[in-house]
Structures are given as structure tokens and as C-alpha cells.
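Taking the form predicted alone, here's one chain by itself in C-alpha cells.
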Amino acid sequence: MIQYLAYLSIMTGIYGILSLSLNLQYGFTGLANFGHVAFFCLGAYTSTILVVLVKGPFILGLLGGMVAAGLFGFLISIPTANLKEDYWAIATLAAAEIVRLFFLNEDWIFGRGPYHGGAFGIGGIPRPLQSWFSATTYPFFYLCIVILCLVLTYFTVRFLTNSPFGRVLKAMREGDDLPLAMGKDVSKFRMKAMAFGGAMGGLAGSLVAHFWSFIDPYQFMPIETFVVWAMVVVGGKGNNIGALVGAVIIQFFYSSTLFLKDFIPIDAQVLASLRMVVIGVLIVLIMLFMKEGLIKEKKRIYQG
């Protein structure tokens, strides 16, 4: 049970980072990013390449994953910056699938050596300082790393959204007319929001790759994006605490089948499928009775 709780806490922290990054893009800026898993995937693969092939340190993998995902977020926002919300959602979803299919088919990146690649996945991803700890204590050390990254992400998002930059993002969320009237370049602010959010998503991907020690393209299916969306919607968009609360709730339902299968007389595969049904029902209930999520955004009122 203790090991399971450590695993659940680590995954909740990683998805908490993803939830905060999507909250920056959607909750504060209003960008319907349906391809958020692309940043998760890029962070995981870039960190793996830098640590496994280049033999770089763990911190280089984290930074490299952030840079690659942030750069991708900036690049995909260039042709889509002026699209309306529905077209933006379709374009980002397609971009995420392009990234996943690239790593699925381009196994030349790792070759057929001990790390394989492509559809076979990549194993043997080293965990930082694993030799310093036993198998039972290492998860708690890694949990400390995840918590540190989560805290840094939280305060970064909080700083950005409370700054003049964040006030422009919130104005854009209500429509382009006001920021345009104030002389703000809306397209550039969208690009920056995608880049910042992408970098944070890349950080989460790097952390999950080194925690699992194995990645493959099937771990980054579109369903992962909608799980993160559920966290933001349930917790409360535009509220950082709400995004974290949503991550805790959804991750509990998402991972609880590992524990509940021993107590509920239902086939494990059926129980695993039902978890998405439960999450879907929870989203519907939230949208019907608490449209702003469990924790509403505290909107500032500026007096002239």
C-alpha cells in the first residue's frame, strides 16, 4: 500500500504539472489546445535521447525536454495563431498525432540496438541517483524531485498570470477586441502562451520517462490530453489551486483500478474501461452543477 501511494503521488505530481501548463493555455488564455500530449511526448523522448544516447546528466534531459516542447509549442502556434477556437483545437490535435506517429515510425533515432525505438519503445532509461537508494526508498526520493518541479511550475504560472503579461492573456480569453484596442499583438501573446505551457508539459514528460524507465508511442495517445482537460475542467479553469485539485481527483480515478480490482468482483479489463466512464460522468456533473469547476477563479476587479 505504501509503495502504491508513493506511485500515485508521483503520477499525481507529474499530471499536476501538465494540468498547470494546460491551465495557463486554456484557463487563462482561452486556447483550446487538444494536442497537449505532444509536449508530454516530446519532453519524454528528448530527455531520453539526451540522457541515453548523448550520455548527458538528468538535469540536461529535463532542460532539453522543456526547450524542445516549448519550441514545438511556439512553432505550431505560428500558422494557427489567428485561427478561431474550433480550428485551433483541430490543428493542435493533428499536431500531437504527427509527433506521436513520428516517434512510432522513425526507429532510426535509436536503431535496433539495446534501446530499440519506434513501436518497440525505449527501455533502460536511467533514473537519477538510483544507486544511492534501495528499491523501496527510491520512489520517495523521486517524489521529492517531482514535488520540487511541481512547486517551481506552480509559482512560475502564478508569476506569469499575475504579471502584466498575464493580464493580457486574461483579456484575450474574453475576446481579441480589448487587447487589440490596447495595442497588443494578440498573435505573439498566443505564441508565448503556447511556448511557456509547452515547456512545462515537456518537464512533465521528462519526469515520467525517467520514472517509468521505459517509453513508447502508445503511452502518448490523444486520451492523455483529455485526461488533463478533465483535471482542469473539474478543478476549475483559471485557478491554479483548482488545477491541482483536479489532478488529484482525476488521477485517483485514473489509477485506482490497480487497487480496486482486489475488492470489486469485476474483470480487471472491464474495471479499467469503467474508470473513463466514471471520469466522463464526473465531468458531466461538474458542467451541469458547477460550470466553473470545484474551485472558481478569483477574478480581480481593477478600479480606475
Partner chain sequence: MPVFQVIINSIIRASELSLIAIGLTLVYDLLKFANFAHTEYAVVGVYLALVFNVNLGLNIFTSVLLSAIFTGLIALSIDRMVFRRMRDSGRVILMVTSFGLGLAMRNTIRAIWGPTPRSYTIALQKPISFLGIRITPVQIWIIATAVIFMVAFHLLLHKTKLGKAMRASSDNPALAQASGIATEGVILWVWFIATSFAAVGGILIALETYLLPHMGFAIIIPVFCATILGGIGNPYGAMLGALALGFAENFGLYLNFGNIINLGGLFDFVKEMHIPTGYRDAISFGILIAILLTKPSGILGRKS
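Positions refer to the first chain, counted from 1. We call the rigid core the largest set of C-alpha positions that still match within 1.5 Å between the two forms. All values derive from a computational prediction rather than experimental measurement.
Missing here is the form predicted together with its partner chain; even so, the following discussion is about that form.
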For the interface check, one of 198-206, 137-145, 182-190, 94-102 should have non-hydrogen atoms within 4.5 Å of its partner chain in the model of the complex; which one?
94-102
Are all three of L152, L160 and M231 close to its partner chain in the model of the complex, meaning a heavy atom of each within 4.5 Å?
no
Given that its partner chain is left out here, which of A32, I249, L63, V52 has a heavy atom within 4.5 Å of it in the model of the complex?
A32
Though only this chain appears here, would I90 touch its partner chain in the model of the complex if you measure heavy atom gaps against 4.5 Å?
yes
Find out whether any non-hydrogen atom of I279 is located within 4.5 angstroms of its partner chain in the model of the complex, and reply yes or no.
yes
Considering only heavy atoms, tell me if W212 and its partner chain come within 4.5 Å of each other in the model of the complex.
no
Quick one: does M11 come within 4.5 Å of its partner chain in the model of the complex, counting heavy atoms only?
no
Stretch 139-169 - residues with a heavy atom within 4.5 Å of its partner chain in the model of the complex:
none
Core-aligned C-alpha movement of L282 between this form and the one not shown, 2 Å or more:
yes
